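Have a look below at one chain only, the form predicted alone, in structure tokens format.
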Amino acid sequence: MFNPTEHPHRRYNPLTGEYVLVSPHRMKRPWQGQVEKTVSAQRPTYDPTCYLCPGNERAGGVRNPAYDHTFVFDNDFSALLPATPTVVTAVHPLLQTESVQGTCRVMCFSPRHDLTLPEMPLPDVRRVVDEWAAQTAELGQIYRWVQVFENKGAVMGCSNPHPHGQIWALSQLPNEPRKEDAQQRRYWEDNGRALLLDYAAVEQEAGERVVADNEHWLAVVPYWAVWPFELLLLPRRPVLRLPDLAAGERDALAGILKNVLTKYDNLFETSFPYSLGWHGAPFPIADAAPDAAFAHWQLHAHIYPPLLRSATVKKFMVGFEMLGEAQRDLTAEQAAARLRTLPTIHYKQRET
């Protein structure tokens, strides 16, 4: 008899139209591969050498103000530029180039150099939510896509430990949201309902992949998860974008974020690395249809953490993953069960 906790199988991701190979029996294999170095969790509240701390000079020569809460500035080394010239013609049908205009910003979550999101007081996490929404609303007046995200930890390529995220806004729709747009639109046309609202109802009823929930939000390890302890964060009602969240929903979002990110840190008692990003409806471009044309969209956040077995062993996306399709060893249900039972009091607070 087929047993999903023992036998390899594939799971379908309706958001992207892609599959993930699940091989739960591989968790029994010994590990002799790379072991990451753990980074000391002890940092000062202020670092005079940090270019993100209040009052310090950044790499581009600009000095930060003495900010008290969140602080946003244009990236000194932006990957996108607002005045990029338009490409006139393609060199060849197989050599396509498309110009893109955009703006990149950095968002410091807190003036404290030593606090990550799960360690920040709840009102300060709420300020981060409000700033995410404000930046999305502002840049959405100019650009089609606004990508709010955070890379946490050196293992995720973060070059500065000061708690911060980024906002990249661009004139074109990137690959991942383009796939999600097509899949959600197809589901809406076939069923007359939003894909992710139906999925949230399925997960709430099943319960086995739910990690945390409250009146307005649901956090699950998605059925099709690729990363070992991946999470999908969903609002319970139809919401297109972050600025559309009501005050109570923003409070609840701050609460569930602090909840699940604390669980992450408690899993291996380390500052858990991840990439977190928000996907909401694209913004209408000039002469385009109004928001009603995006009714198939539902706001959601993806959290992709790489750690697999411990604070020092991560999941690598190589070989078959790069040439075939994504593969995971731990089932989504097993990952959710481990996260769900973890305490919501941060392990550093328990130690003190």
Ligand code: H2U
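All residue numbers refer to positions in the sequence shown, first residue = 1. Not measured: the values here are computed from a predicted model.
Another form exists, predicted together with ligand H2U; not displayed. Remarks below refer to it.
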{"property": "Residue contact check: V106 to ligand H2U in the predicted complex, 4.5 Å heavy atom", "result": "yes"}
{"property": "Contact of N259 with ligand H2U in the predicted complex (heavy atom, 4.5 Å)", "result": "no"}
{"property": "Proximity of R185 to ligand H2U in the predicted complex, heavy atoms at 4.5 Å", "result": "no"}
{"property": "Residue contact check: A59 to ligand H2U in the predicted complex, 4.5 Å heavy atom", "result": "yes"}
{"property": "Candidate site F73, S159 and Q166: all three near ligand H2U in the predicted complex by heavy atom within 4.5 Å", "result": "yes"}
{"property": "Contact stretch among 273-281, 74-82, 187-195, 211-219 - heavy atom within 4.5 Å of ligand H2U in the predicted complex", "result": "74-82"}
{"property": "Answer option from Y304, Y46, Y51, Y67, heavy atom within 4.5 Å of ligand H2U in the predicted complex", "result": "Y51"}
